[in-house]
Ligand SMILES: Cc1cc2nc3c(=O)[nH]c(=O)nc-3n(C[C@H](O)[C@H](O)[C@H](O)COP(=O)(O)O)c2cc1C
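Quick setup: one chain, the form predicted alone, written in structure tokens, and binding and motion questions come after.
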Amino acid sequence: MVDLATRWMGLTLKSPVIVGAGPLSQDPDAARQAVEAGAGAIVMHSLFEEQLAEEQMAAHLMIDALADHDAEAGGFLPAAAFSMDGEGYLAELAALKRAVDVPVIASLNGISAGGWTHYAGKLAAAGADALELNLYDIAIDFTEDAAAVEARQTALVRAVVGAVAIPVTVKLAPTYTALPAFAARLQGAGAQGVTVFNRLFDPRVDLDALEVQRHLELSTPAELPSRLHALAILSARVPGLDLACSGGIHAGQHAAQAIACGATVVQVTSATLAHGPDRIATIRDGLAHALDAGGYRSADALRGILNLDRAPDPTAWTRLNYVRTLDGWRSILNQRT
């Protein structure tokens, strides 16, 4: 019998297959179905600080516009008419906590130190078992270099960790030039985990309409190799940091590959959106089968066995792999000629 029990950031999970950040967390029934299918935890969709700021501004503008409408205007605007401080997200968190018996991880995407710590504290007080900080930051200021961006983000993580007593993990984009060094700094700031990678929803350009259009595509297994590469390096170079794989997990074999490269947990989002919450069971059972077929009695036994330090050919994760891959193609071309 394969043991899928996993420890992630000090949390005990029945399975390393968890629901990643996405709309499924907004439906308690769907979340409950995913847990019944074997999900070890639920990561909520992200709370964006900008959205809250826009809601607050819109509410204040409406109140200001009506306040002097007549002498009784102030009396017909109840104090609770607007949700201006994340109350809707807190209500979703409370509903999830009632619906499932696994850890619920709140996801926070902030832009200011004060905003991050303020909302992190509210989420922790509302019962979140952990926080996933989504460092989604698009560099558009040419006066701020990469070192400044990373220093600012590290300070944000340190501030949040200092403001809450629950575990904190950080979700990263695949754009950092020195990922192991940055991950080590995040660990030094108190983060217990890192998630690789955040999916960047790049817009599309419509030349006929001369528009830049928002576009969303679900992930595919083609996105997994970049995650495996990061996991293999981070698990070898930043010991003690719990790693989550996000993007490209659509089958049990994918989950097994991520764990072999060093992942503690795998986050599943697109597969549940495409096939429903029950897809978790297919992935979990496929992972158990892969472990059993390889002679591994637990997920822990497989974890990191193919990382940079333990792979039979560690150069597969380094620059030398580029040369050898091209040499392989040259050999194929020579045979054809």
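These numbers were taken from a predicted model, which means no experiment stands behind them. All residue numbers refer to positions in the sequence shown, first residue = 1.
Only in words, not in the display: the form predicted in complex with the ligand, which the text now covers.
query: Has each of 12, 41 and 284 got a heavy atom lying within 4.5 angstroms of the ligand in the predicted complex?
result: Judged in the predicted complex, none of 12, 41 and 284 sits within 4.5 Å of the ligand.
- prompt: 264 to 272, 304 to 312, 32 to 40, 289 to 297: which one contacts the ligand in the predicted complex at 4.5 Å, heavy atom to heavy atom?
  reply: So the stretch in question is 264 to 272.
message: Just to confirm, with a 4.5 Å cut-off on non-hydrogen atoms, which of 199, 158, 185, 97 contacts the ligand in the predicted complex?
response: If I apply the 4.5 Å criterion carefully, the residue I get is 199.
field: Of 181, 146, 91, 218, the one that lies within 4.5 Å of the ligand in the predicted complex (heavy atoms)
entry: Here the answer is residue option 218.
message: Using a 4.5 angstroms cut-off on non-hydrogen atoms, would residue 134 count as touching the ligand in the predicted complex?
response: Judged by the heavy-atom cut-off of 4.5 Å, residue 134 is in contact with the ligand in the predicted complex.
message: Within 4.5 Å, heavy atoms only: does residue 254 come near the ligand in the predicted complex?
response: Because no heavy atom of residue 254 falls inside 4.5 Å of the ligand in the predicted complex, the answer is no.
task: Verify the contact flag for residue 45: yes if a non-hydrogen atom of it lies within 4.5 Å of a non-hydrogen atom of the ligand in the predicted complex, no if not.
output: Because a heavy atom of residue 45 falls inside 4.5 Å of the ligand in the predicted complex, the answer is yes.
Proximity of residue 235 to the ligand in the predicted complex, heavy atoms at 4.5 Å: Result no; residue 235 lies far from the ligand in the predicted complex.
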